[in-house]
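Shown next as structure tokens: one chain only, the form predicted on its own.
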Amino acid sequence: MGQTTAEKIFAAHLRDEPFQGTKVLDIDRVLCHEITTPVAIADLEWRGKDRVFDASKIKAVIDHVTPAKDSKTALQAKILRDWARRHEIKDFFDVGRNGVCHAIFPEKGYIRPGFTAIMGDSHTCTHGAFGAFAAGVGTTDLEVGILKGVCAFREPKTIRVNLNGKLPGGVYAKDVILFVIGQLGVNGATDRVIEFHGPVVETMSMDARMTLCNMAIEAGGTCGICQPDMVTVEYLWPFIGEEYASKAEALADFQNWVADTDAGYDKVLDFDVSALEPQVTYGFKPDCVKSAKEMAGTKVDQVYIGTCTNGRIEDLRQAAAVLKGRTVADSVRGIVSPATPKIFQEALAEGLIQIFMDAGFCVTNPTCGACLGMSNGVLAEGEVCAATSNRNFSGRMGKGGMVHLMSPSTAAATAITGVITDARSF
């Protein structure tokens, strides 16, 4: 029997199997940010093990609260900053050069097909869009990764999701993944990898594939994985051009990580998304999903466009296309946060920032702050936010606040009307 992408990666990175089913893997990238890594740093210092296995394989960023909002967050940033300098971690992105971790690390070319990556952040699964195995881990595993460059996993089974048909106009990757989570349920992929296949995925850009994989965790998945192809090669070419004689050669190499046609899956799901409509969440779980039409008229106080799910240039273009020549409803405050400085610059050059500002949006620096209710857009009790983020848990963006997840297009339309609106009505 053939192998899935995850099985191929596990086999290639296996360092040890101390117990049957527990596999210790070599890690290609240990990713760090200022919320979870300082705890690991402090514990390593306490144990007298303040060192790193390979500074070139560690990438760090200050992104969750940036700039710092108080003394506590300033201390968290300082611990990470001092540690990065102490160990000469070249790829450390401080205030002014920093972006949302799951946007800036792929943007820099740090993730490749066949790689293993860990981070103390649940949405590390985003990086599986490149045909990699990337997982969020706890503090102990992060410490071991920093110190030894390994991490232990029980090899996950894989669910294959075939996305067939052709997406209708005005329907995007965010709508697709919300629909899939609605079908799977929040526990439907627990301890599983979700492998995305089909013509819909094949036509998606890397931005869209990252959106797809970003929310695999919301169905319980360890990682979401897309198959590496020429789209992957084109995205990575600025970083790999000197390693391969041609793009065809790079593609042939990347194809080694594509799942075999006779691979065994825990489950195979087929969805024809040709008639899919824009999706929106309700309630406090990501699998509580309805069409935007069913949610139409639901009042919102804030619209937030950004995050590691939908803060990339493609997302900003989709929102700006709806907002152009229109203004935000008087009852709504709109906030947009491009996910990286590069994306901000591209949006500025394309006139997108002007469109957002003319519409009445507040444009902020790259940050995760509002998404997890820490800064730059926290909700008051009883307030409702239409967000392009990935979690609608109770209190996620502020105690007593309600979050409805949706695509950038739907969020933009909602900002204009002040109530949840299907952007296709424009």
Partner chain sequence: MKKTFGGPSIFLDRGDINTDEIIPAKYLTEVTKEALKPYCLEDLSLDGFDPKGEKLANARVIVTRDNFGCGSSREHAPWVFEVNDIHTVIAESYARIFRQNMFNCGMLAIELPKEQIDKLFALEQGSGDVDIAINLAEQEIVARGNGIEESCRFEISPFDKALVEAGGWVEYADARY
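Nothing here was measured: the structure is a model prediction, and the numbers come from that model. Numbering follows the first chain given and starts at 1.
Beyond what is shown, the protein has a form predicted in complex with its partner chain; the following relates to that form.
> Heavy atom within 4.5 Å of its partner chain in the predicted bound form: which of V95, L75, A252, V268?
Contact with its partner chain in the predicted bound form is made by L75 alone.
> By the heavy atom within 4.5 Å rule, which residue out of A370, I58, I35, A359 makes contact with its partner chain in the predicted bound form?
Checked against the cut-off, the match is I35.
> Decide whether D272 counts as a contact residue for its partner chain in the predicted bound form under a heavy atom distance cut-off of 4.5 Å.
No.
> Taking its partner chain as it sits in the predicted bound form, is T222 near enough to touch it, meaning that at least one heavy atom pair lies within 4.5 angstroms?
Although its partner chain is absent here, T222 would touch it in the predicted bound form, with heavy atoms inside 4.5 Å.
> If we define contact as a non-hydrogen atom of the residue within 4.5 angstroms of the partner, is R29 a contact of its partner chain in the predicted bound form?
Output for R29 is no: heavy atoms all beyond 4.5 Å of its partner chain.
> Would you check, heavy atoms only and a 4.5 Å threshold, whether G138 touches its partner chain in the predicted bound form?
Yes, G138 is a contact residue.
> Indicate whether the candidate residues D175, E202 and R424 are all in contact with its partner chain in the predicted bound form, with contact defined as any heavy atom within 4.5 Å.
No, none of the three is in contact.
> Name the stretch, out of 120-128, 275-283, 203-211, 291-299, where some heavy atom lies within 4.5 Å of its partner chain in the predicted bound form.
Comparing against its partner chain in the predicted bound form, the contact stretch is 120-128.
> For 12-28: residues with a non-hydrogen atom within 4.5 angstroms of its partner chain in the predicted bound form?
Going through 12-28 in order - heavy atoms within 4.5 Å of its partner chain in the predicted bound form - the hits are R15, D16, P18, F19, T22, V24.
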